[in-house]
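Form predicted alone, single chain, as structure tokens, below.
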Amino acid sequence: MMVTAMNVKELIHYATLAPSGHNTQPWKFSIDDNVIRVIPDFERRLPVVDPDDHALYISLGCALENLMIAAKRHGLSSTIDYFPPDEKSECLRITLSPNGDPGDEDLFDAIHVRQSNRSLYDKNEIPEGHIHKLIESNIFDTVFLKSFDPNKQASEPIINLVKEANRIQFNDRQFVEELLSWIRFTKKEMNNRKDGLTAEVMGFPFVPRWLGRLILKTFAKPESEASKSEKQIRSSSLLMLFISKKHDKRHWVDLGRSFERVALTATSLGLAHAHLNMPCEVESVRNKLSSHLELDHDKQPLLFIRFGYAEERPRSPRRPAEEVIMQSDTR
């Protein structure tokens, strides 16, 4: 396939379907003939829950991997330059060319279907072969995965760390306010913003913002949130920790790419997934987690994901490609 403006914009559409913290969608894109640049949008950063922006760069990696999978499926080959110094602003630069490998159809088909499913799962066992497929879908030597059975005694310390981090976060007024600012309590908010966590996704009906804030502040207490996380874990069939071999931007992007491949593989196998990132987000708890797992100093556990079987849930909104594409001369 030839590289055209139309199919390049289509690739960006697939990139925008990637997951991101609080569904902030912290990305912009520019197009210059056969070159796409993925640019961090720091106006959408989460300074409380993600002060060093590692989750933002993980999100960029997820978007990048969607784009790469879609490019292959469209018969395009590509090369990636991570944060090239000759650019006006920090970016991931993808150069496309025709006549590429057609790529993995299952991963491509899963891009539109994948979702973060925050509901309780049904505890059904995942076939061993499917677990192997999830692990093998990570193709990056900058990232490694550790899997856990939530029903085994060895997972109890991990579950306790999730609960500890949950309590810390919901005792932090700034964390709660940041979370509330990204919840779209009404359909009007959802349709106008096309980002954030909708009431449906969070598991409650659309209500006026004042009422939604009151409900969450009344019921989202540290202990109840910790208990809810424990129930979610114990309803799951598999836990997986994504560990970066170094704590820098390049490794964060690769970790996002790795996670997206695993998430798309899970989707293709009929598995639901959701983040349980609390012990990775709270630095003091992340240090305890690293110590428990006896990780080297450079290695950082940055994503904690649960998998299982569940009914499909309402989907998070996305901004259309037209709203995230910049003019190339404004980079």
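Here the structure is a predicted model, which is why all the values come from computation and not from measurement. A residue's number is simply how far along the shown sequence it sits, counting from 1.
Keep in mind that the form predicted together with a small molecule is not shown, yet the notes after this line are about it.
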Any non-hydrogen atom of residue 59 within 4.5 angstroms of the small molecule in the predicted complex: yes
Contact test in the predicted complex: residue 114 vs the small molecule, heavy atoms, 4.5 Å: yes
Contact test in the predicted complex: residue 118 vs the small molecule, heavy atoms, 4.5 Å: yes
Distance check, residue 303 to the small molecule in the predicted complex, heavy atom within 4.5 Å: yes
Stretch in contact in the predicted complex with the small molecule, which is absent here, among 66 to 74, 291 to 299, 275 to 283, 33 to 41 (heavy atoms within 4.5 Å): 275 to 283
Partner-contacting position among 91, 110, 241, 197 - heavy atom within 4.5 Å of the small molecule in the predicted complex: 197
